[in-house]
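Shown here is one chain on its own, the form predicted on its own, set out as structure tokens.
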Amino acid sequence: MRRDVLLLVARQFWTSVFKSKAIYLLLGLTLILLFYAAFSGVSYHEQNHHRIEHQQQARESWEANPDKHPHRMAHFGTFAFRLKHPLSIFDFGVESFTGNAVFLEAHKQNVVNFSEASYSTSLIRFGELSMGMILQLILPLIVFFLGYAAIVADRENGTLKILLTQGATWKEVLYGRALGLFGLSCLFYLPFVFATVALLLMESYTADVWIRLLVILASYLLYLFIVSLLTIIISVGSKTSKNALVKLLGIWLLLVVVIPRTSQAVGSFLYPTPTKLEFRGAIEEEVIQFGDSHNANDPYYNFIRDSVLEVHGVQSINELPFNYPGFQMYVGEKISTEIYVRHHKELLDQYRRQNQLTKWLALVNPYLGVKGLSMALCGTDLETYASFQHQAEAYRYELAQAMNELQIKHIRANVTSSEGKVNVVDREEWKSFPDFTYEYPTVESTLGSELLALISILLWSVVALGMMNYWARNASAL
């Protein structure tokens, strides 16, 4: 292909597009949507200030406790708040539905509460307007509108014959128009890039955030490249402009509505999940089988008590060199946590099975690929939420066991109650226990979990180029 011919065809396409006032209207509307989405993203992200403040208040409340029995502190508990990822300004993902705070206490695993969706109208189910959503859903429609007649209109008015008879090849015409259309899509895309970078530059972030952003921007650029090529392919393969536009609208509905909704429905049908009540009930039922760690005469723990007495060669727990009720609580916490972690893992695995169909369908649907990759890199997907739950539960368990260890070590052996002001531990003991901090998954692990999405985008780029070459050999000017 000759470079000068490619650029000439692309420039001619740009000239024809900018002759219409529609392009200016579309640019204006896109900028309005961008400003609204950017403002929503900033407002969305500013909730971090409130969460940081609440986390600090929870910590101050924890440290303000006077000297008391460690088990009382274990039940006093604290909160864990999930901060939004810096890139959540770009793609909100499932953040509005997953909750952001959980109360951490001994012997009980509470659910994450306070999702934005629970305090919003049902309109939120249609999706919030984020920059990512505009690029995924609306910009492809604009590209389709700008390029649906790129080839077929020239065939209808005879211009295509003139181009070919003057020495241009089919390959140069197709790729020249595709280059022009891709350039137009970049014209709409660049403001989103500048807006995101500008918002991130307002604060100082780690290299991980900028690497994530670089991958996101590259993936969306490839997505627009695929959409541009697909538009030209449909245009050259259609008999009329009207026919090309109908085909492209049908493809858009299939890719962004029909396939995603159907895959979610099929996934939920094949791998149903229990209700919250059923989930909690199954855990409680299994925990009961292992007895009550608060009951000194529980049959299950009587066996443990007798074994401990035998090992230490004493007849009563009062003769032990440590506080046995604290040890019993330690064992009970370990048992109940293992049961909860197993049930919770099974639940998350079921959700992952539901989503697996959607992930595999990304191989035939680039929209699903870029959407999944965008949410994952922006820290707004299911896996990021699951990592928060895992870290919060690990912190809860460490806190509860730390309090049990204080009871074992510092409370006298003959004390079986946490009542009163005598059997207490100095407040400095729990003030020294670190506060909860959430660590996001690394960019390497995130990309590893979205390998199918990455393959989808790269595969579709190759497929689209292959289809372009096919039509360059088989297209007709008539």
Partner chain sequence: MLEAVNLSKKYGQKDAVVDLNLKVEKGEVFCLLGQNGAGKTTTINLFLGLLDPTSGKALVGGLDVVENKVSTNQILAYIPEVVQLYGNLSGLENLEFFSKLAGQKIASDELSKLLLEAGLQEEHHKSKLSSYSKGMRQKVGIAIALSKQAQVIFMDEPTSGLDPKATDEFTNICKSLAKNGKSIFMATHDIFNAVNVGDRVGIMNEGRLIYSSHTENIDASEMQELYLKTI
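Numbering follows the first chain given and starts at 1. Here the structure is a predicted model, which is why all the values come from computation and not from measurement.
What comes next is about the form predicted in complex with the partner chain, which does not appear here.
S.K.: Could you tell me which one of Met202, Val311, Ile162, Ala207 places a heavy atom within 4.5 Å of the partner chain in the model of the complex?
M.R.: Checked against the cut-off, the match is Ile162.
S.K.: Examine Asn469 and determine whether its closest non-hydrogen atom to the partner chain in the model of the complex is within 4.5 angstroms.
M.R.: No.
S.K.: Indicate whether the partner chain has at least one heavy atom within 4.5 Å of a heavy atom of Ala168 in the model of the complex.
M.R.: Yes - in the model of the complex, heavy atoms of Ala168 and the partner chain come within 4.5 Å of each other.
S.K.: Taking heavy atoms only, is Lys359 within 4.5 angstroms of the partner chain in the model of the complex?
M.R.: No, Lys359 stays farther than 4.5 Å from the partner chain in the model of the complex.
S.K.: May I ask you to check whether Asn157 falls inside a 4.5 Å heavy atom distance of the partner chain in the model of the complex?
M.R.: Output for Asn157 is yes: heavy atoms within 4.5 Å of the partner chain.
S.K.: Would you mind checking 1-22 for residues with a heavy atom within 4.5 Å of the partner chain in the model of the complex?
M.R.: Val5, Leu8, Val9, Gln12, Thr15, Ser16, Lys19, Ser20, in sequence order.
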